[in-house]
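To begin, one chain is listed below as structure tokens, in the form predicted alone.
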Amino acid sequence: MDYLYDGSFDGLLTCIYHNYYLEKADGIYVQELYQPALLIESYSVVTNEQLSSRVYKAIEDKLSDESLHHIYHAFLSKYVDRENIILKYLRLGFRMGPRIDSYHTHPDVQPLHKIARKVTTEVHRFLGLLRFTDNGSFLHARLAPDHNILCMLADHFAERLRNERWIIEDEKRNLAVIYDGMTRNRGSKQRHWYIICLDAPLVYPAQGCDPYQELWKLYFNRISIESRSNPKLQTQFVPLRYRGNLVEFEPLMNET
């Protein structure tokens, strides 16, 4: 039996529940991407938050918080077979318990650890590489990450820029996370952020040259030591695919 779900984390955990209490899964797939197989039946799973929360708690209790961390990061990855990598990991994990993550080379553990590390690495990169522009009404940042990491960035910037209004836009997936800093007057509780789908990239009237961006580019150019330039090392820390949204790699307007 192939289980088909809506692409949400709760939907995936609901499928995991059915794998144990309805019928063992041959595979788990996002419904809109599913290619039917001739000899395998499929079942469309309706996301159920109560069932998913039971699986979530079972992972915490029978495995560990670290395992839950690995599973969620793997879920956010770009890999098309991530659901079945998670399924295999959990089948083994519910048998072995918390010690599962010490079996680094096990064929049902290593793939999940590998893709979870890639997601974690990209999150840490963008915490330092994300660049905001001020359009007069709110701060706006664009990125095109390999993995679906907007939700992993949102809490950090909601805390770091708690009194600002900002939008972080994922150009690759047509998603954006929105935070309204004006809620700061409604109490000390953590403000909410929201992820929305976009029909098209955000466009707003140009505000002219941003002096803070120009100062940042000037600083970046002046602080470098030409005799110690190491483009290969720089590329390791700032891959070329990320530089399209980094202001310091744009030319200075008034460079002489």
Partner chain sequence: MDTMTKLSVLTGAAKYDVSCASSGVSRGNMGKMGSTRECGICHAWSDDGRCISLLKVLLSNDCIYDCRYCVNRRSNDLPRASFTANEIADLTMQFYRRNYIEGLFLSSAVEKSPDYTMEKIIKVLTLLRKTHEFFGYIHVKVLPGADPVLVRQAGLLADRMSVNIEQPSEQSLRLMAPQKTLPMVYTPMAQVRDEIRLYKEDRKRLRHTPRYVPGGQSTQMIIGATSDSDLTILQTTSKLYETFGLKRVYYSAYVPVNQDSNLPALATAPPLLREHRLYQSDWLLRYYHFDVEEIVDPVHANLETEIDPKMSWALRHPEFFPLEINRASYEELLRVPGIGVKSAQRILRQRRLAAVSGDELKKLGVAYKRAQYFITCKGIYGGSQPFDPTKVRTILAPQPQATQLSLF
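Just so it is clear, the structure is predicted and the values come from calculations on it, not from any experiment. Positions refer to the first chain, counted from 1.
Note that the form predicted in complex with the partner chain isn't included here; everything after this is about it.
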**OP:** State yes or no: in the predicted bound form, is some non-hydrogen atom of C151 no more than 4.5 angstroms from a non-hydrogen atom of the partner chain?
**Re:** no
Subject >> is_contact(K57, the partner chain) in the predicted bound form, heavy atom dist at most 4.5 Å >> reply: no
Original post:
E49 near the partner chain in the predicted bound form, any heavy atom under 4.5 Å?
Top reply: no
**OP:** Check whether E226 has any heavy atom within 4.5 Å of a heavy atom of the partner chain in the predicted bound form, and answer yes or no.
**Re:** yes
Subject >> Candidate stretches 72 to 80, 86 to 94, 169 to 177, 125 to 133 - the one whose heavy atoms come within 4.5 Å of the partner chain in the predicted bound form >> reply: 125 to 133
**OP:** Note that the partner chain is not shown here; using its position in the predicted bound form, name the residues of 77 to 115 with a heavy atom within 4.5 Å of it, in sequence order.
**Re:** M96, R99, D101, S102, Y103, H104, T105, Q110
